[in-house]
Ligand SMILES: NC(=O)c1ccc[n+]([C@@H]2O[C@H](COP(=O)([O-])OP(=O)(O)OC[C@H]3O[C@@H](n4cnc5c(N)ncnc54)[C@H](O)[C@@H]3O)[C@@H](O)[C@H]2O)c1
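Just the one chain here, laid out as structure tokens, in the form predicted alone.
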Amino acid sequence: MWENKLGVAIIGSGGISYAHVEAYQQFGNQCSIKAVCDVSEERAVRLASYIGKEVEIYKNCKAILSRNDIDIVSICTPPFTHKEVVVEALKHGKHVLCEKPLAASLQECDEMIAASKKYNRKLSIAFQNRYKKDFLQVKHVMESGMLNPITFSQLNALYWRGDSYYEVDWRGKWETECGGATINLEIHLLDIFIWLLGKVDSVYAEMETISHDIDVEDLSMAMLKFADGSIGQVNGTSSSVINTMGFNISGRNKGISIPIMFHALKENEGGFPLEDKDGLKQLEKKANEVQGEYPGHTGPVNDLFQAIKDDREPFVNGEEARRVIEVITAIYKSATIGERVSLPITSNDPWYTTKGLHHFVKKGRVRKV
């Protein structure tokens, strides 16, 4: 229980802002939503009404940031605005929960991380899947070493979006959406994938714009080489009628797939597979050591509260969120130049900056139909 409730402001009142509101409302004894902000007064009024109490409405976020009774700001604005708004909020002494993707480029990520340290405020990113029981159980099993060595891994983030989805003014453009299906749809599962499998050494990728009249990609496929020598395949699209969101991770005799399912095999005399019931029980027992979860955005919100209280870093802080941006940058670079890209991507690489990334990718391989 907080001695005084934390004051919260929501900047950006599009669809995702409602998930933030619902999460904060689950912790009503710890916080109070005091203000909302949006360039569209109509959207802001709608969100304020949804909150269900008297909330002040702003069109300019700087007026909110100057308020002494605001402790936490949720950034729910389009991706291209994140860096500027986040840095300004940190500068004004606010803790920040920012929607994914953290930023358009590694340079912007690093500027936000630096601001968090300079102004001694928490920067948390809304990768809510990290707090779900299924993913926590898989992480626990992976850390136990039961699947080692990893022999195969594959991620599929196969979505379908119609043309009207891209009629939202900031979508479908490099300057405002900062990418396509890879950075805005695949990113949640890709974050989990590299969180589970570890450091990525290199990336080889292809991407195209297949079925939408947009500037960004609606399909990407990549091969990731991990530091342990294993190889993972990742596929992301907004053009698949067959919607599949999940992944498979296999060791020599045991494996896990999401949606969560355990797999264990042994061989017969001819080397063909037989179900290993004891192996399945071992996996299930290990996974069940982890119980409980936080639905929706309650995970990131609760973790941010505890990080403030205990003066520690959030579970998914700026550095953690930067990892998936680096892999996505490598996917875009590899698909554009047609070569394998080694990590890390350093500050002297033209693809490190937003300007450089957008310049090269728009002149590269992504084609417009």
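Heads up: residue numbers just count along the shown sequence, starting at 1. Since we're looking at a predicted model, the values are computed, not measured.
As for the form predicted together with the ligand, it is not shown, yet the points below apply to it.
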Does each of Ser13, Pro101 and Arg171 have at least one heavy atom within 4.5 Å of the ligand in the predicted complex?
yes
State yes or no: in the predicted complex, is some non-hydrogen atom of Ile57 no more than 4.5 angstroms from a non-hydrogen atom of the ligand?
no
According to a 4.5 angstroms non-hydrogen atom cut-off, is Cys37 in contact with the ligand in the predicted complex?
yes
Proximity of Pro79 to the ligand in the predicted complex, heavy atoms at 4.5 Å
yes
Is there any non-hydrogen atom of Ala126 lying within 4.5 Å of the ligand in the predicted complex?
yes
Sort through His188, His92, Lys254, Lys122 and report the residue having a heavy atom within 4.5 Å of the ligand in the predicted complex.
His188
Answer key: of Arg43, Arg67, Arg312, Arg340, within 4.5 Å of the ligand in the predicted complex (heavy atoms) is Arg43
Counting only non-hydrogen atoms, choose the one of 226-234, 262-270, 92-100, 193-201 that falls within 4.5 Å of the ligand in the predicted complex.
92-100
